[in-house]
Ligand code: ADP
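Okay, so here's just one chain, in structure tokens, the form predicted alone.
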């Protein structure tokens, strides 16, 4: 049973190597069926965290659970239920994609060959490699190798999929393929992945965890992280006589600022609001119902994760 619906939960988890504090009092939560981006500069403690969760390192202090199982006492049972993709997956070059999955499946399944082959075909289809299933892996592109790696990590129906830089070094099309696969897998498993590509995190993740110098500095839903510490801004383009309605908008108690500038033959407003729920519900109807005004464009200004990340980590650090 997973406590509090969290697949991963740690309590003051710490690890030191000699005089180096790699991880300090980590209190991490990863809910079931979330896609959680695990971020931090090089040397932040991400790899150490993953190794601790999988029982590959012993904590100096603190505790951790995966699926409600103790990461020290029940690590073998945990690993049976986890799929893992390294940053640069390696395969025997003379094997085909089907051979790779068949080889991996035999570590997990002892049932009928037909059932194993059906699972292999399912995974090949999931990652879009059915037509290349019998090609040797040494002829695969980087994106195809990553997709095969995800299929391999998913072959045992894992309850948790841990991915290390799954889209690193891929071209835009390859990255998009990997992100689409991650989205499609969310209903079946929980995804916890490390990456340096912040744009990908903002596109596919619903939660973010940020480490810096072994310390947890932020975690939670991505929308909360992006909106924390500042007002929400709506960008609106209008035509018509905006003076009368402008005063009415400024007087709304949840509007903290309205900046105006000309835009071709129209007017663009940037309205900062302190209550996003009221703004979402009331702002557009107020404008649409105002006579003499035409709303050409209305939308919420998106905050970039990179801006938040750089503010929190202070430019990062170096080393591994």
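Positions refer to the first chain, counted from 1. Please read all numbers here as calculations on a predicted model, not as lab measurements.
What comes next is about the form predicted in complex with this ligand, which does not appear here.
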Exercise. May I ask you to choose, among 47, 29, 256, 268, the residue with a heavy atom within 4.5 Å of this ligand in the model of the complex?
Key: 47
Self-check item: this ligand: the contacting residue among 289, 294, 264, 42 in the model of the complex [heavy atom, 4.5 Å]
Solution: 42
Quiz prompt | Contact flag, residue 305 vs this ligand in the model of the complex, heavy atom cut 4.5 Å | solution = no
Quiz item: residue 22: heavy atom within 4.5 Å of this ligand in the model of the complex?
Solution: yes
Practice problem: Report the stretch among 47-55, 273-281, 247-255, 63-71 that approaches this ligand in the model of the complex to within 4.5 Å, counting heavy atoms only. | Solution: 47-55
